[in-house]
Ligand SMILES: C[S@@+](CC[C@H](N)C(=O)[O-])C[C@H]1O[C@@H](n2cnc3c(N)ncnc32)[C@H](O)[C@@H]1O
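Single chain ahead, written as structure tokens, the form predicted alone.
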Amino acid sequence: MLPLKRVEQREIGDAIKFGISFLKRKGIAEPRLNAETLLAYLIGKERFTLYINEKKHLKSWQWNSYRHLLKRRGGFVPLQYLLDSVNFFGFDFVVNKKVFIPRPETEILIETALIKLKKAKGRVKVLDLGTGCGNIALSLAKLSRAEVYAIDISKSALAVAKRNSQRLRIREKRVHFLQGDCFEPLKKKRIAFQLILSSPPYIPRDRLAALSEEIKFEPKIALDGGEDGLDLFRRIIEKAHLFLGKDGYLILEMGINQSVAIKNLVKSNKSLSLKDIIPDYQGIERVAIIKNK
């Protein structure tokens, strides 16, 4: 009689050590954080409970699944894609390879918009251009009374945004999802927005090849800003006044060393005026506040 094949078992503590060692060899930054986060996600526990239960054995499928996740992370697949989730402004958003992963600096857009909305009277309309997973549009819908319009050229991205809207239990009448290029879906609509927000792609095309392996997993359309990184900025700034109400604001997130170019683009539109530029948490000029005259 042949002996039964022994199923390899691992204690949680040993699995963490294995994950840290593996990811460190692969050159992943913060290997401990990554290893712990993946294991906690897989077994449905909080990270801080892993060491309380470090002597408990993983089930065979858990160990195999953990090794699979480690292999993908070791191949530089972003942690957020493996978790199918990212936290933005206190809300958990579903993300996958169809959408750009929200960054902490984009939260400055939300902070700035909320300040403007507090001063607005009645229910105002807000536009999010290039909504992606919907993090900007849906955060504002949750934190204000604004009626929000969210535009994206990608049908797949809008599907993710709609999924997040349902997940956050936002009523359908609060957020309107429109597919199309920039302002194109609004051409036949008579809407005056109090705020237009956008975090457009702003990486110059010749720098895309030099991006980290992780960022290269994200949609190119959400990264490629054209030859100088300003293609979408030109289009937005040129047409924004046509969709802004009186004294409405255009709030844009920009890349490193792009503030001078943005200032010049605003000057070229006599209907707009630059009011302020806000730095991010590292002191980089990141958000432009532009007013409709």
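Start at 1 and count along the sequence shown; that's the residue number. Given the structure is predicted, the values throughout are model-derived calculations rather than measurements.
Keep in mind the form predicted together with the ligand is missing from the figure; the text below concerns it.
>> Quick check on this chain: which one of Phe193, Tyr149, Phe100, Phe93 has a heavy atom within 4.5 Å of the ligand in the predicted bound form?
In response: Contact check passes for Phe100.
> Pick from Glu172, Asp84, Asp181, Glu111: which residue has any heavy atom within 4.5 angstroms of the ligand in the predicted bound form?
Replying inline: Looking at Glu172, Asp84, Asp181, Glu111 one by one, just Asp181 meets the 4.5 Å heavy-atom criterion.
>> Considering non-hydrogen atoms and a 4.5 Å limit, does the ligand approach Gln80 in the predicted bound form?
In response: Heavy-atom contact with the ligand at 4.5 Å: absent for Gln80.
> Might Lys26 be said to contact the ligand in the predicted bound form, defining contact as any heavy atom within 4.5 Å?
Replying inline: Lys26 lies outside the contact set for the ligand.
> Can any non-hydrogen atom of Ile115 be found within 4.5 angstroms of the ligand in the predicted bound form?
Replying inline: Although the ligand is absent here, Ile115 would stay clear of it in the predicted bound form, with no heavy atoms inside 4.5 Å.
>> Is Ile136 near the ligand? Define near as a heavy atom within 4.5 Å, in the predicted bound form.
In response: Residue-level check for Ile136: yes, a contact with the ligand.
>> To test your reading of this chain, name the stretch in 181-189, 206-214, 119-127, 162-170 whose heavy atoms come within 4.5 Å of the ligand in the predicted bound form.
In response: In short, 181-189.
> Within 215-249, which residues have a heavy atom closer than or equal to 4.5 Å from the ligand in the predicted bound form?
Replying inline: Read in sequence order, the residues that approach the ligand (within 4.5 Å, in the predicted bound form) are Ile221, Ala222, Leu232, Arg235.
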